[in-house]
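Taking the form predicted on its own, here's one chain by itself in structure tokens.
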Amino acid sequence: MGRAGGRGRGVRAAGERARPAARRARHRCRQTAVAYLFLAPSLAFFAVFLLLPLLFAVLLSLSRWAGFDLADIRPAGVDNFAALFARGSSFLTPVLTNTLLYALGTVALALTGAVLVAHCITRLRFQGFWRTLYFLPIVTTVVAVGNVWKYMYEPGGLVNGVLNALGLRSVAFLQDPATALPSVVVVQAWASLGSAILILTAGLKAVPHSYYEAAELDGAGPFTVFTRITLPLLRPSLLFVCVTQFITGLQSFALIIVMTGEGGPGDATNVAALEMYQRAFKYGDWGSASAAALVLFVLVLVITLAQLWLFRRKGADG
């Protein structure tokens, strides 16, 4: 009798210990359900505007479609990708080559200019005024920026006027295949300078002033302070600017349309995004345009991952 009573008490004790665990499990389930309920609008937005278009682009890249009736989609396998890289195709050269040069030139000019300007702004009075001044091109439409620079590049424009005043000959900036792409790169870098300056000035303000005081006590010069303190501590901001500017450069084509029309002269300023636009909306070849879009997507992904890996490795080495 006594043994049976002890066994019963043990079972009741085990049941009482199990009840809080079961309540905690039910509470976690309710919390998870509520979390997914709050995430539902964002997940629906992601599915409708990002995931479905991506899947549709993958489908079109393996099909032939003129862009009118979905019933006219015909399977094409990998023919669209093979055509992009076939001998004689202009997609690899000069389109992808121009795209990389355009993005590299934009990042190099914008990053260098932004670092120098941001470094100077943090040492000036009325810093808000200077940041606003450099940010104005960001809030100006691409059409206005492109048309203003287009007239400045004209033979009788401001740029050639300065060259003539210096005793140099006029240059057909947008008409010469050798100078057309660099001319547009300069404008793209200038137009994107404002956001880079804004981010870098915030990064410079986050650098502890005690580091500069210690460097001054050690007798370090301005160049040493800039290269040994400012640039290393500015690495996270530089990484963000570099990645975002590169992605923007790889995807941009509106400025090129405004300044050179259809990527001219010839294909001198034709880039991947413009090539996709023309294949889809001008020639009605949505399959080839989607294949080019996926190639550009892979290119952007690989370059972005390479930049992240490089900056993290530099950070670990530093």
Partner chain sequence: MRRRGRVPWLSYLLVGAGAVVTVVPFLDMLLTSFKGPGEYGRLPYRFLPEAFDLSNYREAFVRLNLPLLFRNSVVATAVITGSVLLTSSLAGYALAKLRFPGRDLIFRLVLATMMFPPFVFFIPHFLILVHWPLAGGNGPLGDGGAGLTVSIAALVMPFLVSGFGIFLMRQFIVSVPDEMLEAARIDGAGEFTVWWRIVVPQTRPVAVTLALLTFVGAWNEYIWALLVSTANPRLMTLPVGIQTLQSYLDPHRMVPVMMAGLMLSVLPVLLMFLLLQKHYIRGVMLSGLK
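Only a predicted model underlies this, so the values are computations on that prediction, with no experimental measurement involved. Residue numbers count along the first chain shown, from 1.
The same protein has a further form, the form predicted in complex with the partner chain, not shown here; the description that follows concerns it.
A.B. asks: Could you tell me which one of 233, 202, 108, 178 places a heavy atom within 4.5 Å of the partner chain in the predicted complex?
C.D. replies: Of 233, 202, 108, 178, the residue with a heavy atom within 4.5 Å of the partner chain in the predicted complex is 202.
A.B. asks: Among 89, 227, 140, 97, which has any heavy atom within 4.5 Å of the partner chain in the predicted complex?
C.D. replies: That would be 140.
A.B. asks: Considering only heavy atoms, tell me if residue 46 and the partner chain come within 4.5 Å of each other in the predicted complex.
C.D. replies: Taking the distances in the predicted complex, the answer for residue 46 is yes, it comes within 4.5 Å of the partner chain.
A.B. asks: Give a yes/no on whether residue 246 approaches the partner chain to within 4.5 Å in the predicted complex, heavy atoms considered.
C.D. replies: No.
A.B. asks: Indicate whether residue 151 is a 4.5 Å heavy atom neighbour of the partner chain in the predicted complex.
C.D. replies: Although the partner chain is absent here, residue 151 would touch it in the predicted complex, with heavy atoms inside 4.5 Å.
A.B. asks: Given that the partner is absent here, does residue 116 sit within 4.5 Å of the partner chain in the predicted complex, heavy atoms only?
C.D. replies: Answer yes; at least one heavy atom of residue 116 falls within 4.5 Å of the partner chain in the predicted complex.
A.B. asks: Please determine whether each residue of 66, 76 and 271 possesses a non-hydrogen atom within 4.5 angstroms of the partner chain in the predicted complex.
C.D. replies: Not a single residue of the candidate spot has a heavy atom within 4.5 Å of the partner chain in the predicted complex.
A.B. asks: Using a 4.5 Å cut-off on heavy atoms, what residues in 112-145 are near the partner chain in the predicted complex?
C.D. replies: 116, 117, 120, 121, 123, 124, 125, 130, 132, 133, 134, 135, 136, 137, 138, 139, 140, 141, 142, 143, 144, in sequence order.
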